[in-house]
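Next comes just one chain, in structure tokens: the form predicted on its own.
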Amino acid sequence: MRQAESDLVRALPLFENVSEKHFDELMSTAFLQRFPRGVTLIREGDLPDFLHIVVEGTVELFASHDSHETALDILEPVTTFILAAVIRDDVYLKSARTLTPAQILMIPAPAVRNAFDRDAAFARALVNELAVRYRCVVRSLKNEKLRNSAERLANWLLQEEAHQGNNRRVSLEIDKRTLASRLGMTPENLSRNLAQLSKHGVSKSGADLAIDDIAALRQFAKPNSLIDQ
């Protein structure tokens, strides 16, 4: 790994407090790699060879069963996947593929487990990452169980509007099939729900969605800090 890449990795939250010795050991066998859109990085059921970290781009976690497939999460920088499988040396329960061109840091799984056992700062950072991912899963489960599909879409729009700059517009940066799957609905339901949200301040604006009345959308969505990020 080149020095510029090593410096980039060193600045990531997972590694900022790791000892120089253990950081050098981790990086000695790690590498940063760029992938085009649509590349499957890991497959559910396989044992982990690497800990993957999204440094640039977007990655979709998904699962399949009996000819059905569903999106489980959309990862943006800087996020690990799938840490639990690496720490346990157990099979992946999800697959992952790039939704956009992406830069991924790949650290061999045995090196991660070795550093976890020997470096307290790294262990704390990994436990914190696992805690963050667990809380995300709980929020997602509550969102799925406590809201109907239109409410899930409305809250996603509110979160994306804030994430994209609070300019009352949302650019659909992923395709509608992936978005619908991520929100637990079919593409047809997504279209119907978008039509329903037109009564609550949402309209189409070219390829984007415009939030013309954010107060009305919030009143319908009923955002909850114990569910929404």
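Quantities reported herein were computed from a predicted structural model and do not represent experimental measurements. The first residue of the sequence shown is number 1, and the count goes up from there.
Although not depicted, the form predicted together with another copy of the chain is the subject of the following passage.
*Asks:* In the predicted bound form, which of the stretches 160 to 168, 59 to 67, 28 to 36, 200 to 208 has residues with heavy atoms within 4.5 Å of another copy of the chain?
*Replies:* After filtering at 4.5 Å, what remains is 59 to 67.
*Asks:* With a cut-off of 4.5 Å between heavy atoms, is Thr100 one of the residues that contacts another copy of the chain in the predicted bound form?
*Replies:* Output for Thr100 is no: heavy atoms all beyond 4.5 Å of another copy of the chain.
*Asks:* Does any part of Glu76 reach within 4.5 Å of another copy of the chain in the predicted bound form? Heavy atoms only, please.
*Replies:* Contact check for Glu76: no, nothing within 4.5 Å of another copy of the chain in the predicted bound form.
*Asks:* Does another copy of the chain get within 4.5 angstroms of any non-hydrogen atom of Met106 in the predicted bound form?
*Replies:* Taking the distances in the predicted bound form, the answer for Met106 is no, it never comes within 4.5 Å of another copy of the chain.
*Asks:* Under a 4.5 Å heavy atom criterion, is Ser6 part of the interface with another copy of the chain in the predicted bound form?
*Replies:* Contact with another copy of the chain, no.
*Asks:* Going by heavy atoms, what in 76 to 113 lies within 4.5 angstroms of another copy of the chain in the predicted bound form?
*Replies:* Ala84, Ala85, Ile87, Arg88, Asp90, Val91, Tyr92, Leu93, Lys94 sit within 4.5 Å of the partner.
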